[in-house]
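In the structure tokens that follow, a single protein chain appears in two forms: structure 1, then structure 2.
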Structure 1
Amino acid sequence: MKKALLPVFTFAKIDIRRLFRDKLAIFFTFVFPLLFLFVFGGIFGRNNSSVSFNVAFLNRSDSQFAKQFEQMGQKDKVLKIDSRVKTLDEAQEKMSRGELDATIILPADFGQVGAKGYPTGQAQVLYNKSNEQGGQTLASILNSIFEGINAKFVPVEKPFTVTAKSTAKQGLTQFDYVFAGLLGFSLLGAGIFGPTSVFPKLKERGVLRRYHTTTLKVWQYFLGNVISNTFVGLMSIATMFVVGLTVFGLNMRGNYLVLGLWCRWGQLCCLV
């Protein structure tokens, strides 16, 4: 048995060394998946978990309350106010180009103190038909802000309320799902694109025929290939994990050993 495994391990050892001498192989095994990781990580990475709206803020009121409300809006992280927009026409043009999600308009009588001794008014949220969901969401957010303000002026005990509580379990982000896809892509690359380009080339050049003149068995050559591909594949995946965890805040769930075995199985299926 030891004699039968000698060509397997000798081939695997030489094959791994050979890969690290080949700049093209290094690129496609390690750099190429990382490039994709950086591209998609940049899009779906850790800074995309918060929701925000690009809005124009048209304050037509000169009341104290309207001014305070505008200042509060400028400090809010949810609202990104484009201060260059001064007129409704400008706002509508930018909304039509998709540069703004909505426009918040405070009419001239907004915040004027009425007969009851507290300020009143109705803010208007203007949005395009194409961004109805964003406009409605923004209107809901403003509505809850106003509810908070209203409660200060007119205290009313609410019979029904809602409270939100975290389950203390972290959810998965968009990046975590993208990362799984990128892992699959990397496995496909290592399992399919590698051997499918190498074996025909070796056959064409007569290398496999030369091996066939020796006592080397097909299973020995295949197993040697599987071992070297496993080692290199797992190294490539480990590199992706290091970058995913450290740069993009990947949320790892489950067991690394199980993941490694599944990755190996997937790669083996591609190879076969």
Structure 2
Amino acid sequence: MKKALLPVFTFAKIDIRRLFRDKLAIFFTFVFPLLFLFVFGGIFGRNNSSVSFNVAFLNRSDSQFAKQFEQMGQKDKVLKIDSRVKTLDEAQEKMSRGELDATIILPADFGQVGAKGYPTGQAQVLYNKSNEQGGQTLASILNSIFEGINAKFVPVEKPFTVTAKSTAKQGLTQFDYVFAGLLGFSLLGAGIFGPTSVFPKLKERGVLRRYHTTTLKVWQYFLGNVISNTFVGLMSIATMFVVGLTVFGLNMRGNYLVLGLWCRWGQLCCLV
């Protein structure tokens, strides 16, 4: 049995070395799928799930409350304040070029203590018509912040309230669905540089004809080629999974062993 399997593993090693010496095969088997992974991962990855706004912050008030509010805005992850903008003209110029989503303006009387004994004021969110949705969303966020501040100064009893509860189950993201398509693309790439490209070249060179003069069996050569393609294909898939899990936070569902078997079956179908 060992003598029968020795040619199988010998041809498997030869095929693996052949692929790693072929720069074009390495590119389409490993590099090309990773390029697509980084492109679509950058679009649908987890880092894009958080909402943020590029804004200019113009504080025209000298009140202590306005200064504290400005400091709070600089620490907020939602607001990315461009500290280089000092005037309204500069802010409008950057908004017209799409560099800023909106401008937050605190008027001179913002935060001044009124007759009722607590600070008052009205902040203004300035945005272009082309980014109306973003401006209104930012205004809604600021309004929610002010409602929390208002509740500290003027407590109001609310007859109706709402509560939210998590299911404690992480759902699939857009990237998880995109990754499945990229995985199929990687299997196709592995199939292109498998037997479908090797056998015709060997036949043109007369290598297959010479094999008939040896004691090599057809099943031995075929099995060796299957083993080599399985090894290379699983390496390509493993590389994609490592990048997907570590860089883009891929949410893997199911068993890796079953996935490996299905990927191998898919690769064989691509070869056929």
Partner chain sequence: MKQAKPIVVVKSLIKKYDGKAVVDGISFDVKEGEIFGILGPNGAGKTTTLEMLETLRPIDGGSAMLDGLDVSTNSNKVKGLIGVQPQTPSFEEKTKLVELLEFFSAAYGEKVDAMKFLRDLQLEDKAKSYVENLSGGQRQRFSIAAALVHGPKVFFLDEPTTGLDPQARRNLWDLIQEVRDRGVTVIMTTHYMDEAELLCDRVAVMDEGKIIALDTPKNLVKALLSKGFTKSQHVEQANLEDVFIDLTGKALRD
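Heads up, when I say rigid core I mean the largest set of C-alphas that superpose within 1.5 Å between the two forms. Numbers given to residues start at 1 and step along the sequence of structure 1. Just so it is clear, the structure is predicted and the values come from calculations on it, not from any experiment.
Here, the chain labelled structure 2 is taken from the form predicted alone. Residue 60 shows a C-alpha shift below 2 Å between structure 1 and structure 2 [criterion: core-superposed Cα displacement of 2 Å].
Core superposition gives residue 223 a CA displacement of 9.4 Å between structure 1 and structure 2. The two forms line up on their rigid core, and residue 19 then has its Cα shifted by 2.9 Å between structure 1 and structure 2.
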